[in-house]
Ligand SMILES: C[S@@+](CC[C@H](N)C(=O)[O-])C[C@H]1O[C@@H](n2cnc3c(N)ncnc32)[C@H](O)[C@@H]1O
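Next up: just one chain, as structure tokens, the form predicted alone.
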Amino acid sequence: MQASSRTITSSQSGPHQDLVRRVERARDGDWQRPPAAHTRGAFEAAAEWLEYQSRPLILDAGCGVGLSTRRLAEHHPDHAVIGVDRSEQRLARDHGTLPDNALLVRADLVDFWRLALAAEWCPAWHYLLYPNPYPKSTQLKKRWQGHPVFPAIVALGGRLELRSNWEIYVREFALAVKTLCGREGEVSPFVPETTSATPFEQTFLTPFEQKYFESGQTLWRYRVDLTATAIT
């Protein structure tokens, strides 16, 4: 079935001219806002679950309706997968029983990241799948790479993967990582995988991925290994 999703339009022709300044400002700043009580409670419950799992962590940041969390857990049965989203409505969508190695958490992602860093979590994989790109040039501070929490995202380490249907967002994120810690990652277009069980069908991690792909849009992916990253 052919989907119909509008392409992203923006006045930007490349990474935002103010990106490096914002990243350096976030790196040099000292964010004092205390995490919200409801997110702290959700994090403590997730930490208890993770300790019981006793498996390497995959963090699915901004998991939406949780399909990606389920699929990552099915693909990686030897890992514990935590999906985090702030919307109770999205997380309540019925997509079947969660695998035993998956957990969905309703929390403010900004605070959850900061708590995870303070608790010295180090995910084996850290996914940011199709975040809102906020394509207007005036909206840089709303993108993760322009947000004060960005240093915490990078400092968590592990292998980070970002996906988007907007190439500029992906290249901007890659530049922000390089600015912060000097790490070079790989930006490339990609086609969702097929498997031996479904050789003629793509395996999509999220509904957005499927919608954009079936609309004929190019999907972009950024991968970087942030293991033992030191932020300079």
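Residue positions are given as counts along the sequence shown, with the first one as 1. Owing to the predicted nature of the structure, the values given are computational and were not obtained by experimental measurement.
Keep in mind that the form predicted together with this ligand is missing from the display, and what follows is about it.
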| query | finding |
| --- | --- |
| Which of 72-80, 118-126, 92-100, 105-113 sits within 4.5 Å of this ligand in the model of the complex, heavy atom basis | 105-113 |
| This ligand: the contacting residue among Lys141, Arg86, Lys136, Arg159 in the model of the complex [heavy atom, 4.5 Å] | Arg86 |
| Contact residue in the model of the complex, from Pro56, Gly41, Pro192, Pro207 (heavy atom within 4.5 Å of this ligand) | Pro207 |
| Any non-hydrogen atom of Gly185 within 4.5 angstroms of this ligand in the model of the complex | no |
| This ligand contact at Cys63 in the model of the complex, heavy atom, 4.5 Å | yes |
| Partner contact for Phe150 in the model of the complex: this ligand, 4.5 angstroms, heavy atom | no |
